[in-house]
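Have a look below at one chain only, the form predicted alone, in structure tokens format.
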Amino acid sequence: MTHLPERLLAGYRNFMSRRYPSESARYQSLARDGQSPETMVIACCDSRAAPETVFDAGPGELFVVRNVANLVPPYAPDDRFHGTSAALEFAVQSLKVKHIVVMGHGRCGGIGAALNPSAEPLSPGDFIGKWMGLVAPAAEAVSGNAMMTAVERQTALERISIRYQLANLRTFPCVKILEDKGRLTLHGAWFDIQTGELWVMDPKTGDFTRPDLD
């Protein structure tokens, strides 16, 4: 009797028979020496936009934290629970990553919820609604633009939100200090699920462009 969905067990069998044998030395090294990724990725928990897949990353290459709509709460050293902030603290202070990438994506359900705050909550706790309140000012501005279509508003807020999260990252003293010293670089990226295209944010203008793949 198994206690996991058969699809997961089948995937694990495939991993052990195909991938692990070719990467066993790397896994053993990671187990012995620990991880030392140079890049942290803050991504959405949407199953269609996995950073390890998009960036074709191997074990130990990326330190990834995923939450609804790839949000970063502003620095708040209080007695509440802060999962994303804890991961950020560990990545910057312990792993000493050199890059932090905020990666949004198209057709994000969290962003859609932010654009429709009057929709019926999924539960009495309305955790998604409260969480997406982090981008409420931008959502209100975008949703009020009658000249844009619904799809345009969705994409616009997905990208604007990335800029919001980069600003929130800089409220963390450890991030701001290291960025000012040139020891940490912040990046924004947006992934189009339908086309597979990755759009990268220009740090100076905030515009998103597709990188040259040649």
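Position 1 is the first residue in the sequence shown; the rest follow in order. The shown structure was predicted, so the numbers you read here are calculated from the model rather than taken from an experiment.
Just so you know, the form predicted in complex with a further copy of the same chain exists too; it's not on screen, but the next bit is about it.
Student: Would you check, heavy atoms only and a 4.5 Å threshold, whether Asp180 touches a further copy of the same chain in the model of the complex?
Tutor: Result no; Asp180 lies far from a further copy of the same chain in the model of the complex.
Student: Taking any heavy atom pair closer than or equal to 4.5 Å as contact, tell me whether Val101 reaches a further copy of the same chain in the model of the complex.
Tutor: Taking the distances in the model of the complex, the answer for Val101 is yes, it comes within 4.5 Å of a further copy of the same chain.
Student: State yes or no: in the model of the complex, is some non-hydrogen atom of Ala167 no more than 4.5 angstroms from a non-hydrogen atom of a further copy of the same chain?
Tutor: Ala167: no contact with a further copy of the same chain in the model of the complex.
Student: Evaluate Arg66 for contact with a further copy of the same chain in the model of the complex, applying a 4.5 angstroms cut-off between non-hydrogen atoms, and reply yes or no.
Tutor: Although a further copy of the same chain is absent here, Arg66 would touch it in the model of the complex, with heavy atoms inside 4.5 Å.
Student: Note that a further copy of the same chain is not shown here; using its position in the model of the complex, name the residues of 178-199 with a heavy atom within 4.5 Å of it, in sequence order.
Tutor: Read in sequence order, the residues that approach a further copy of the same chain (within 4.5 Å, in the model of the complex) are His187, Phe191, Ile193, Gln194, Thr195, Gly196, Glu197, Leu198.
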